[in-house]
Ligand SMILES: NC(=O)c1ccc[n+]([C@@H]2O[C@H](COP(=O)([O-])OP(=O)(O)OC[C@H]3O[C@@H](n4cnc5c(N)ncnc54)[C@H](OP(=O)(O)O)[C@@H]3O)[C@@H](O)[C@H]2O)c1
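One chain is shown next in structure tokens, namely the form predicted alone.
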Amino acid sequence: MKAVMFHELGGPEVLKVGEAPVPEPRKGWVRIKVHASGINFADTLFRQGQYLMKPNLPDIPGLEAAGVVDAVGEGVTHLKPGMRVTAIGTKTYAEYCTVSAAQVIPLPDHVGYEDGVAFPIQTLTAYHMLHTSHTTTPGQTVVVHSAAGGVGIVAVQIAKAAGARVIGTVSSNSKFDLVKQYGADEVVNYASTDFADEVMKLTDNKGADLILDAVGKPTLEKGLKCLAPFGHLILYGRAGGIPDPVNLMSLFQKSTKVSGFVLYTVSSMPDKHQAGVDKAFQLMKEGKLKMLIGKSYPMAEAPEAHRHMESRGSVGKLVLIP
């Protein structure tokens, strides 16, 4: 099968299309014929050897795939060949991949493959930050950093569906209209403006009840300053660098809290995971949640896709088509 591979750590240029064996599903796993692979910032870290999981060179990037179940391993009874699915796994920049059956999500008829591959990590990350790590209710103010990105554009919509007021932040004024189109009440350029000051102005000095932060170093400390009493900041990425250590005593002033989030925690809790899947698909069916596919790339353009991701100029979900 064809796959995007890298034989050494480095920049996007190390990604090459090559031949790899078609993987066989082991016990409890399934094989998927991939129709679309998700591109995530984590893939760029994996390529550089800086992600939680370390590559075993030569290796294949990719954490998401949507397609058709091609074969099932021993013990898998709820998934059958021919089913349309999306999944979280590894080595998904390929024509075929194998994933744990527990990480496979059947796709409703109203969800296509590209929207489907935008669903597992982006949508479930946003949903569980808003409704598991935090309880988002009508009237709360939610700040979504990187609001034009894959998780951000989904978080804006899910927060609005919960009745929150949403302030999106972006790194470029060119993204303002897009973020407002997807539901943000206000948009702030955090690269050219002190977003903390803007949040305090927009909330009459009350502050934000929740801040979703995937940027890290440039935004976390300022975010703590614009939280409301009992406000909550969730750090779920570090696209702008690892943030400086938090002075815990600074949380006492307004009884605020900081937490971290990684989707794997919820993925290992079947009931919570399934509840998130069902509720998010329902929002899509109701038209309250729409996936934004920023751009689709053929396999041979994987290096360009990574460059675009790292430029911070991308919007929505980037997708690779085998």
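A quick note: this is a predicted structure, and the numbers were derived from the prediction, not measured. Sequential numbering from 1, following the sequence displayed.
Another form, the form predicted together with this ligand, is not on view; read the next lines as being about it.
- In the predicted bound form, this ligand lies within 4.5 Å of some heavy atom of Gly316.
- Contact check for Leu263: a non-hydrogen atom falls within 4.5 Å of this ligand in the predicted bound form.
- Remark: Tyr127 does not count among the residues lining this ligand in the predicted bound form, judged by a heavy atom distance of 4.5 Å or less.
- Put simply, Val170 is close to this ligand in the predicted bound form: some heavy atom of it is within 4.5 Å.
- Comment: 230 to 238 is the region of 95 to 103, 248 to 256, 72 to 80, 230 to 238 lying near this ligand in the predicted bound form, near meaning a non-hydrogen atom within 4.5 Å.
- For the candidate spot formed by Ile32, Lys91 and Tyr113, no residue has a non-hydrogen atom within 4.5 angstroms of this ligand in the predicted bound form.
- Along 301 to 322, residues Met309, Glu310, Arg312, Ser314, Gly316 each place a heavy atom within 4.5 Å of this ligand in the predicted bound form.
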